[in-house]
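Next comes just one chain, in C-alpha coordinates: the form predicted alone.
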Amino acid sequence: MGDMEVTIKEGEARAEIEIWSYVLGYVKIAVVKCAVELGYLTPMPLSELATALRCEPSRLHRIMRFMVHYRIFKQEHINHHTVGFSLTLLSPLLIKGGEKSMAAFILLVSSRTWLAPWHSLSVRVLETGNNISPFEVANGKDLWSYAEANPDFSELFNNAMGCDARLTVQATIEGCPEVFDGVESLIDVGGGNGTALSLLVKAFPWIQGINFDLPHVVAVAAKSDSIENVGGDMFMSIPNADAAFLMWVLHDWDDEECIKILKKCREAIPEDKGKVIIVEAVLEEDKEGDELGAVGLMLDMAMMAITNKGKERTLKEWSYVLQQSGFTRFNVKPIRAVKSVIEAYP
(Lines give C-alpha, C1' and ligand atoms only; values in the text may rest on other atoms or scores of the structure.)
Protein backbone atom coordinates (compact mmCIF):
# COMPACT_ATOMS: atom_id res chain seq x y z
CA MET A 1 0.00 0.00 0.00
CA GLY A 2 1.49 3.35 -1.05
CA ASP A 3 1.85 6.49 1.08
CA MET A 4 -0.99 8.22 -0.77
CA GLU A 5 -3.34 5.29 -0.19
CA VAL A 6 -2.41 5.17 3.51
CA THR A 7 -3.14 8.91 3.82
CA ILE A 8 -6.54 8.46 2.16
CA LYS A 9 -7.40 5.55 4.47
CA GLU A 10 -6.40 7.57 7.54
CA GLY A 11 -8.50 10.50 6.33
CA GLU A 12 -11.50 8.25 5.78
CA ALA A 13 -11.10 6.80 9.27
CA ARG A 14 -11.01 10.29 10.80
CA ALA A 15 -14.08 11.27 8.80
CA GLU A 16 -15.99 8.23 10.04
CA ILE A 17 -15.17 9.18 13.62
CA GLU A 18 -15.98 12.86 13.05
CA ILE A 19 -19.40 12.11 11.59
CA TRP A 20 -20.43 10.68 14.96
CA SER A 21 -19.98 14.15 16.45
CA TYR A 22 -22.83 15.20 14.14
CA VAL A 23 -24.92 12.08 14.68
CA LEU A 24 -24.78 12.64 18.46
CA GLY A 25 -24.34 16.41 18.40
CA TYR A 26 -27.43 16.97 20.56
CA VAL A 27 -26.01 14.97 23.47
CA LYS A 28 -23.81 17.76 24.86
CA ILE A 29 -26.64 20.25 25.25
CA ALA A 30 -28.95 17.58 26.69
CA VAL A 31 -26.48 16.46 29.36
CA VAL A 32 -25.49 20.01 30.29
CA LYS A 33 -29.18 20.94 30.59
CA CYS A 34 -29.61 17.92 32.87
CA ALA A 35 -26.74 19.11 35.07
CA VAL A 36 -28.16 22.64 35.26
CA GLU A 37 -31.61 21.29 36.18
CA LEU A 38 -30.13 19.05 38.87
CA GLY A 39 -28.72 22.22 40.39
CA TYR A 40 -25.82 20.63 42.26
CA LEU A 41 -22.84 21.84 40.27
CA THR A 42 -20.66 21.91 43.38
CA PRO A 43 -17.48 20.00 44.26
CA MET A 44 -18.27 17.02 46.50
CA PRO A 45 -17.84 13.24 46.57
CA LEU A 46 -20.14 11.26 44.29
CA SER A 47 -21.81 9.51 47.22
CA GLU A 48 -22.68 12.83 48.91
CA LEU A 49 -23.91 14.27 45.62
CA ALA A 50 -26.16 11.26 45.03
CA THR A 51 -27.54 11.55 48.57
CA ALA A 52 -28.19 15.27 48.17
CA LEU A 53 -30.03 14.68 44.89
CA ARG A 54 -31.75 11.50 46.16
CA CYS A 55 -30.82 9.74 42.96
CA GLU A 56 -29.30 6.48 41.77
CA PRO A 57 -25.48 6.77 42.17
CA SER A 58 -24.67 4.72 39.06
CA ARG A 59 -26.74 7.00 36.80
CA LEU A 60 -25.24 10.11 38.34
CA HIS A 61 -21.78 8.65 37.86
CA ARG A 62 -22.44 8.28 34.14
CA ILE A 63 -23.55 11.93 33.90
CA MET A 64 -20.50 13.10 35.83
CA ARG A 65 -18.17 10.89 33.78
CA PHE A 66 -19.47 12.60 30.63
CA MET A 67 -18.92 16.07 32.11
CA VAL A 68 -15.42 15.15 33.27
CA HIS A 69 -14.58 14.13 29.70
CA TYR A 70 -15.67 17.57 28.46
CA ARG A 71 -13.76 19.35 31.27
CA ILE A 72 -16.87 20.69 33.03
CA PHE A 73 -15.62 18.88 36.15
CA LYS A 74 -12.33 17.34 37.16
CA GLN A 75 -12.41 13.90 38.79
CA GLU A 76 -10.41 13.35 41.96
CA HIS A 77 -9.82 10.20 43.99
CA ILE A 78 -10.46 11.14 47.60
CA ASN A 79 -9.42 7.69 48.82
CA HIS A 80 -9.33 4.11 47.56
CA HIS A 81 -13.13 3.78 47.60
CA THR A 82 -14.34 7.34 47.05
CA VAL A 83 -14.43 9.46 43.90
CA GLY A 84 -14.95 13.21 44.10
CA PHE A 85 -15.17 16.10 41.67
CA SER A 86 -13.64 19.56 41.62
CA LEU A 87 -14.51 22.61 39.56
CA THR A 88 -12.79 23.61 36.32
CA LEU A 89 -12.78 26.92 34.46
CA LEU A 90 -15.99 25.82 32.72
CA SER A 91 -17.90 24.99 35.90
CA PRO A 92 -18.79 28.56 37.00
CA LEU A 93 -20.41 29.19 33.62
CA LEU A 94 -23.04 26.56 34.41
CA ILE A 95 -23.83 27.33 38.05
CA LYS A 96 -27.23 28.98 38.45
CA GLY A 97 -26.98 32.48 39.85
CA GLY A 98 -23.22 32.66 39.47
CA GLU A 99 -21.60 35.91 38.37
CA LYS A 100 -20.44 34.33 35.11
CA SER A 101 -23.26 31.83 34.75
CA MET A 102 -24.66 30.95 31.32
CA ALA A 103 -27.14 28.50 32.88
CA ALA A 104 -30.15 30.62 31.86
CA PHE A 105 -28.93 30.61 28.27
CA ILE A 106 -28.57 26.83 28.35
CA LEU A 107 -32.16 26.51 29.60
CA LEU A 108 -33.42 28.80 26.81
CA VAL A 109 -31.70 27.14 23.87
CA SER A 110 -32.55 23.64 25.13
CA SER A 111 -36.25 24.46 25.61
CA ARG A 112 -38.85 22.85 23.37
CA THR A 113 -39.89 26.27 22.05
CA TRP A 114 -36.33 27.07 20.94
CA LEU A 115 -35.45 23.64 19.57
CA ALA A 116 -38.59 23.07 17.48
CA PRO A 117 -37.68 25.61 14.74
CA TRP A 118 -34.47 23.77 13.86
CA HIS A 119 -36.53 20.99 12.29
CA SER A 120 -37.65 23.48 9.63
CA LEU A 121 -34.29 25.02 8.69
CA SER A 122 -34.22 23.39 5.25
CA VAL A 123 -37.72 24.72 4.55
CA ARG A 124 -36.45 28.23 5.31
CA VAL A 125 -33.56 27.83 2.86
CA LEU A 126 -35.86 26.65 0.07
CA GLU A 127 -38.75 29.09 0.60
CA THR A 128 -39.33 31.99 -1.76
CA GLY A 129 -41.50 35.06 -1.49
CA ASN A 130 -41.85 35.34 2.29
CA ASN A 131 -39.84 35.70 5.45
CA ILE A 132 -41.69 33.49 7.90
CA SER A 133 -39.10 32.10 10.29
CA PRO A 134 -38.88 28.45 11.34
CA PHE A 135 -39.67 29.75 14.84
CA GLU A 136 -43.00 31.08 13.61
CA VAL A 137 -43.74 27.87 11.69
CA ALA A 138 -43.09 25.80 14.83
CA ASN A 139 -44.71 28.06 17.43
CA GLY A 140 -47.44 29.93 15.55
CA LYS A 141 -46.02 33.42 16.21
CA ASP A 142 -42.77 35.22 15.53
CA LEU A 143 -40.27 35.41 18.40
CA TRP A 144 -41.38 38.81 19.72
CA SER A 145 -45.13 38.14 19.51
CA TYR A 146 -44.66 34.74 21.13
CA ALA A 147 -42.66 36.24 24.00
CA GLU A 148 -45.32 38.91 24.57
CA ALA A 149 -48.08 36.27 24.67
CA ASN A 150 -46.14 33.82 26.87
CA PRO A 151 -44.75 35.43 30.04
CA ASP A 152 -42.86 32.28 31.09
CA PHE A 153 -40.96 32.18 27.80
CA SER A 154 -40.42 35.94 27.94
CA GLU A 155 -38.82 35.53 31.36
CA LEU A 156 -36.69 32.62 30.09
CA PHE A 157 -35.56 34.72 27.11
CA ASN A 158 -34.80 37.86 29.12
CA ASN A 159 -32.91 35.88 31.78
CA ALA A 160 -30.78 34.33 29.02
CA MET A 161 -30.04 37.71 27.47
CA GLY A 162 -29.24 39.00 30.95
CA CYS A 163 -26.66 36.32 31.70
CA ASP A 164 -24.98 36.95 28.34
CA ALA A 165 -25.05 40.68 29.07
CA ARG A 166 -23.14 40.19 32.33
CA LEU A 167 -20.25 38.50 30.53
CA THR A 168 -20.21 40.77 27.47
CA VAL A 169 -20.56 44.06 29.36
CA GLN A 170 -17.76 43.07 31.72
CA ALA A 171 -15.57 42.30 28.69
CA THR A 172 -16.51 45.69 27.23
CA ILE A 173 -15.72 47.55 30.46
CA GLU A 174 -12.34 45.81 30.76
CA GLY A 175 -11.48 45.90 27.06
CA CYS A 176 -12.40 49.42 26.02
CA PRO A 177 -13.62 51.63 28.89
CA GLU A 178 -12.68 54.71 26.87
CA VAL A 179 -15.80 54.15 24.77
CA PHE A 180 -17.84 55.69 27.62
CA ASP A 181 -15.59 58.72 28.22
CA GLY A 182 -17.66 61.90 28.11
CA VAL A 183 -20.97 60.03 27.92
CA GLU A 184 -23.27 61.56 30.55
CA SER A 185 -26.52 59.98 29.35
CA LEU A 186 -26.84 56.58 27.70
CA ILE A 187 -29.90 54.88 26.23
CA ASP A 188 -29.81 51.09 26.00
CA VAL A 189 -31.98 50.35 22.97
CA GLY A 190 -33.58 46.92 23.39
CA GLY A 191 -32.18 46.79 26.90
CA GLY A 192 -34.42 43.98 28.12
CA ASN A 193 -34.48 43.59 31.89
CA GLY A 194 -31.81 46.28 32.30
CA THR A 195 -28.90 44.01 33.24
CA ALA A 196 -26.43 45.51 30.78
CA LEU A 197 -27.26 49.11 31.63
CA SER A 198 -27.08 48.42 35.38
CA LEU A 199 -23.55 47.10 34.99
CA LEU A 200 -22.49 50.05 32.85
CA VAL A 201 -23.91 52.62 35.26
CA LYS A 202 -22.21 50.86 38.16
CA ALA A 203 -18.86 50.95 36.33
CA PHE A 204 -19.32 54.54 35.12
CA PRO A 205 -21.39 56.22 37.85
CA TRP A 206 -21.52 59.60 36.08
CA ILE A 207 -23.84 58.08 33.46
CA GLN A 208 -27.61 58.54 33.65
CA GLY A 209 -29.22 55.57 31.90
CA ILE A 210 -32.42 54.96 29.97
CA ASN A 211 -33.47 51.33 29.56
CA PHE A 212 -35.62 51.33 26.42
CA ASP A 213 -37.57 48.29 25.21
CA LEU A 214 -41.10 47.12 24.48
CA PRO A 215 -43.59 48.09 27.21
CA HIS A 216 -44.18 44.52 28.45
CA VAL A 217 -40.41 44.01 28.76
CA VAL A 218 -39.54 47.15 30.75
CA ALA A 219 -42.63 46.62 32.93
CA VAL A 220 -40.75 43.86 34.77
CA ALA A 221 -37.28 45.48 34.65
CA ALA A 222 -35.53 46.40 37.88
CA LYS A 223 -35.94 50.00 39.07
CA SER A 224 -33.01 52.24 39.94
CA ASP A 225 -32.35 55.90 40.79
CA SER A 226 -29.82 56.18 37.96
CA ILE A 227 -31.86 54.29 35.35
CA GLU A 228 -35.21 55.22 33.85
CA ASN A 229 -37.22 52.41 32.26
CA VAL A 230 -39.03 53.61 29.14
CA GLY A 231 -41.38 51.53 26.99
CA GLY A 232 -41.70 52.15 23.27
CA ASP A 233 -40.99 51.02 19.72
CA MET A 234 -37.47 51.58 18.40
CA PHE A 235 -38.80 51.68 14.83
CA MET A 236 -40.95 54.71 15.73
CA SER A 237 -38.79 56.89 17.99
CA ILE A 238 -35.98 56.65 20.53
CA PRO A 239 -35.51 58.97 23.55
CA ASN A 240 -32.60 61.42 23.40
CA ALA A 241 -29.24 60.74 25.04
CA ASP A 242 -25.54 61.48 24.51
CA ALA A 243 -25.04 57.96 23.18
CA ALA A 244 -27.16 55.00 22.14
CA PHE A 245 -26.11 51.49 23.15
CA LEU A 246 -27.27 48.43 21.21
CA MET A 247 -26.11 44.99 22.25
CA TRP A 248 -27.31 41.97 20.29
CA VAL A 249 -30.21 43.92 18.80
CA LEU A 250 -29.33 44.63 15.18
CA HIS A 251 -28.56 41.00 14.34
CA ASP A 252 -32.27 40.27 14.81
CA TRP A 253 -33.16 42.32 11.72
CA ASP A 254 -32.35 42.58 8.01
CA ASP A 255 -30.41 45.49 6.50
CA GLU A 256 -33.49 47.62 5.76
CA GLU A 257 -34.77 47.26 9.33
CA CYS A 258 -31.29 47.85 10.79
CA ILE A 259 -31.01 51.08 8.83
CA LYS A 260 -34.38 52.23 10.21
CA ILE A 261 -33.26 51.53 13.78
CA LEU A 262 -29.88 53.19 13.28
CA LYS A 263 -31.48 56.28 11.75
CA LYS A 264 -33.71 56.59 14.83
CA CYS A 265 -30.59 56.24 17.01
CA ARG A 266 -28.86 58.96 14.97
CA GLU A 267 -31.83 61.28 15.52
CA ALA A 268 -31.67 60.62 19.28
CA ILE A 269 -28.01 61.64 19.78
CA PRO A 270 -26.28 65.04 19.43
CA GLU A 271 -24.88 65.78 15.98
CA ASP A 272 -21.61 67.14 17.33
CA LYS A 273 -20.59 64.74 20.10
CA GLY A 274 -23.06 61.88 19.95
CA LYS A 275 -22.31 58.30 19.00
CA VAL A 276 -23.85 54.86 18.75
CA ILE A 277 -22.14 51.99 20.56
CA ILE A 278 -22.94 48.63 18.96
CA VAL A 279 -21.90 45.34 20.56
CA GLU A 280 -22.30 42.56 18.00
CA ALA A 281 -20.38 39.78 16.27
CA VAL A 282 -18.26 40.75 13.28
CA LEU A 283 -17.85 37.71 11.05
CA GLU A 284 -14.50 37.00 9.41
CA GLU A 285 -15.31 34.57 6.63
CA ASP A 286 -11.74 33.85 5.54
CA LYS A 287 -10.40 32.71 8.94
CA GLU A 288 -10.51 28.91 9.11
CA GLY A 289 -10.14 27.05 12.38
CA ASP A 290 -10.87 30.16 14.46
CA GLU A 291 -13.02 29.19 17.47
CA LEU A 292 -14.65 32.61 17.86
CA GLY A 293 -15.34 32.64 14.13
CA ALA A 294 -17.02 29.25 14.39
CA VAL A 295 -19.28 30.54 17.17
CA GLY A 296 -20.19 33.52 14.99
CA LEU A 297 -21.21 31.23 12.15
CA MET A 298 -23.33 29.13 14.52
CA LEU A 299 -25.01 32.31 15.77
CA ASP A 300 -25.79 33.18 12.16
CA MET A 301 -27.56 29.84 11.76
CA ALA A 302 -29.51 30.56 14.95
CA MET A 303 -30.64 33.88 13.47
CA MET A 304 -31.90 32.02 10.40
CA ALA A 305 -33.86 29.57 12.54
CA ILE A 306 -35.22 31.92 15.19
CA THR A 307 -35.76 35.33 13.55
CA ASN A 308 -37.66 36.35 10.43
CA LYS A 309 -34.81 38.24 8.75
CA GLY A 310 -31.92 38.41 11.20
CA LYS A 311 -28.28 37.58 10.46
CA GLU A 312 -24.74 38.05 11.72
CA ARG A 313 -22.67 40.47 9.64
CA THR A 314 -19.19 40.81 8.21
CA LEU A 315 -17.22 44.05 8.50
CA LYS A 316 -18.27 44.94 4.94
CA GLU A 317 -21.94 44.38 5.80
CA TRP A 318 -21.66 46.52 8.95
CA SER A 319 -20.03 49.25 6.90
CA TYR A 320 -22.96 49.19 4.46
CA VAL A 321 -25.75 49.55 7.04
CA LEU A 322 -23.87 52.27 8.95
CA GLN A 323 -23.16 54.32 5.84
CA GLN A 324 -26.74 53.95 4.66
CA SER A 325 -27.89 55.18 8.09
CA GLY A 326 -25.91 58.41 7.73
CA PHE A 327 -22.91 57.66 9.92
CA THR A 328 -19.72 59.21 8.58
CA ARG A 329 -17.19 57.02 10.35
CA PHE A 330 -16.91 54.04 12.66
CA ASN A 331 -14.30 51.87 14.31
CA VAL A 332 -14.30 48.28 15.56
CA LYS A 333 -12.70 47.24 18.83
CA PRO A 334 -12.30 43.54 19.68
CA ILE A 335 -13.03 42.43 23.24
CA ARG A 336 -12.68 39.11 25.05
CA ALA A 337 -16.05 37.87 23.85
CA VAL A 338 -17.81 36.52 20.78
CA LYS A 339 -18.87 40.08 20.01
CA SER A 340 -16.91 43.25 19.20
CA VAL A 341 -17.57 46.90 20.02
CA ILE A 342 -18.45 49.18 17.09
CA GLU A 343 -18.41 52.95 17.65
CA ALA A 344 -20.34 54.89 15.01
CA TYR A 345 -20.39 58.68 14.68
CA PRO A 346 -22.80 61.03 12.82
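We number the residues from 1 along the sequence you see. What you see is a predicted model; the values in this text were computed from it and never measured.
Quick note: we don't show the form predicted together with a small molecule, though the next part is all about it.
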query = Where, among 263-271, 247-255, 67-75, 117-125, do residues come within 4.5 Å of the small molecule in the predicted bound form by heavy atom distance?
reply = 247-255
ask   = Would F135, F153 and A302 all count as contacting the small molecule in the predicted bound form, using a 4.5 Å heavy atom cut-off?
value = no
note = The one option of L108, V179, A241, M161 with any heavy atom within 4.5 Å of the small molecule in the predicted bound form is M161
Heavy atom within 4.5 Å of the small molecule in the predicted bound form - residue from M234, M102, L186, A221 = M234
message = I'd like to know if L214 sits close to the small molecule in the predicted bound form, meaning any non-hydrogen atom pair within 4.5 angstroms.
response = yes
query = Is there any non-hydrogen atom of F85 lying within 4.5 Å of the small molecule in the predicted bound form?
reply = no
query = Given that the partner is absent here, does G209 sit within 4.5 Å of the small molecule in the predicted bound form, heavy atoms only?
reply = no
query = Does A165 reach the small molecule in the predicted bound form if we count a contact as any heavy atom within 4.5 Å?
reply = yes
